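We begin with a single chain expressed as structure tokens, specifically the form predicted alone.
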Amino acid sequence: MHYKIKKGLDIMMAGEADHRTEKLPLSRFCYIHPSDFRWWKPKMLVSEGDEVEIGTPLFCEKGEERVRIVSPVEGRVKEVLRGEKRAIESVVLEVSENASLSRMIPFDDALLSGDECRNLLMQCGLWPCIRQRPFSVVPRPEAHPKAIFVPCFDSAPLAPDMDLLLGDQLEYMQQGINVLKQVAGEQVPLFLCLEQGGKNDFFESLDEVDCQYFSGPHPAGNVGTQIHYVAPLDTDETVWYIHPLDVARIGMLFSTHRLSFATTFALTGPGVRHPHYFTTVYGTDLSALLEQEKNAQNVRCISGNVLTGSKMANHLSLRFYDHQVTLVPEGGEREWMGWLKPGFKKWSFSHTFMAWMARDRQFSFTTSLQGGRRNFVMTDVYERVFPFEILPLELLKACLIKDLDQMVELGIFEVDDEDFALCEVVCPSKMECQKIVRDGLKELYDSTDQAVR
């Protein structure tokens, strides 16, 4: 079925990655961040100085030791960095020289039932590749979804090309899909979300999938939008979603018995000299690469896209779920005459500047806020970029006052913080819409989690 998304916004940013891939040697250090896994309270399973190999458990979720995060490299645990209240901020691994990118995992294919497949995914650290809506959390080991979504295109600014990300991993996609179907249940539909008119021949040739097509501006490629139109969530329902590269990683394990966390990412953004693709292992230190590739002294490094990615603070490394690194020049300087200029090179959603007439122009955005923070301004600006059949402003206000009943009535189970990224971009009040929704979801998650316990 074809869904045409009419509400949204494509942000034309300079710095799209060239279609060439470079193999990046493993750095000396690798950083694993527990904060990648939403609302986890990590429990360490290793100590400083311990030797690790690919697949060695590093930490788990407190109270659920079956779900583990494992080492993506060979080496040793150099340090466990802690922040306030001794919360674990990152696990620093020192990578061995000439370290391999994969490791053999022995198991008997003939004995693998659905439950055994679940257990193997958890033992090998691949279970966290799956996330669950609502809340975008790692599902519990006993969870069963009503559907599985695999978003096969991305509409975010400078989003990487899926064919280049998958590369030679395409051959493992079918096996990964078979495993997911076995884990979730054969009756559970698996939806491949494809771009209408895109290069879909390979995905359409896969078995045991239901292809759904989307077109229109961003967020047509967001999994939240796709779930909303294909299988909208009710209060007691859950769906799983997983990136195609992780599907292929699961398929590789079950096809070849080799566990690998090698990944491909796109280095993009107006702050990059030569934007293109790199192959490495998630978590590897990118300091040397980014220092070499940035084209200005003061640049913000983001793991992910410019709308929903996380700022790299102390350690420049690729996060677990990201396949893109974006460099954006830091702004903040006061500009003479400001908005009084015609602004032929300034992007504006409200047509304040003349550049809006050049619809295909790419803009070199900075991190400048372009305005001051104020209370909510009552306009229809959110509705113009928000394709859900939900009242976004009312939901944001319910999240602010922590009215859980009203949040549920207004459809918070349908959304995640990334679905409000465009609202944040166009907001005349400069409200942190994503943070408001994330805090509201956390409040609701804590209340439902306590009820379950």
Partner chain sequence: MKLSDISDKIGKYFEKGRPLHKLYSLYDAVDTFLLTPKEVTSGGSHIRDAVDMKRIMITVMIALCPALLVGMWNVGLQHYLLLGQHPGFWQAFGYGFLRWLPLVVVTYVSGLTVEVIFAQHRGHQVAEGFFVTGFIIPMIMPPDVPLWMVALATAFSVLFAKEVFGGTGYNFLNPALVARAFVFFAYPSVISGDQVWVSGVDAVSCATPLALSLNGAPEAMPSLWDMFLGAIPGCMGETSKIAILLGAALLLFTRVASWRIMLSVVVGGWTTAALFHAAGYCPFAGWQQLLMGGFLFGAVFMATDPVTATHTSSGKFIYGALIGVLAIVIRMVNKGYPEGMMLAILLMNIFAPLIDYCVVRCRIRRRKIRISRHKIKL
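Please read all numbers here as calculations on a predicted model, not as lab measurements. Numbering follows the first chain given and starts at 1.
Quick note: we don't show the form predicted in complex with the partner chain, though the next part is all about it.
Not one of Lys6, His323 and Leu404 places a heavy atom within 4.5 Å of the partner chain in the predicted bound form.
With the partner chain omitted here, the record of contacts in the predicted bound form names 393-401 of 46-54, 61-69, 28-36, 393-401, defined by a heavy atom within 4.5 Å.
With the partner removed from view, the residue among His315, Lys78, Lys146, Arg258 that has a non-hydrogen atom within 4.5 Å of the partner chain in the predicted bound form turns out to be Lys146. Put simply, of Glu186, Glu204, Asp109, Asp234 only one has a heavy atom within 4.5 Å of the partner chain in the predicted bound form, and it is Asp234. Heavy atoms of His19 never reach within 4.5 Å of the partner chain in the predicted bound form, leaving it off the interface. In the predicted bound form, the partner chain lies within 4.5 Å of some heavy atom of Gly309. The partner chain in the predicted bound form comes within 4.5 Å of a heavy atom belonging to Arg300. Within this chain, Asp161 is remote from the site of the partner chain in the predicted bound form, having no heavy atom within 4.5 Å.
Residues of 17-53 are not found to place any heavy atom within 4.5 Å of the partner chain in the predicted bound form.
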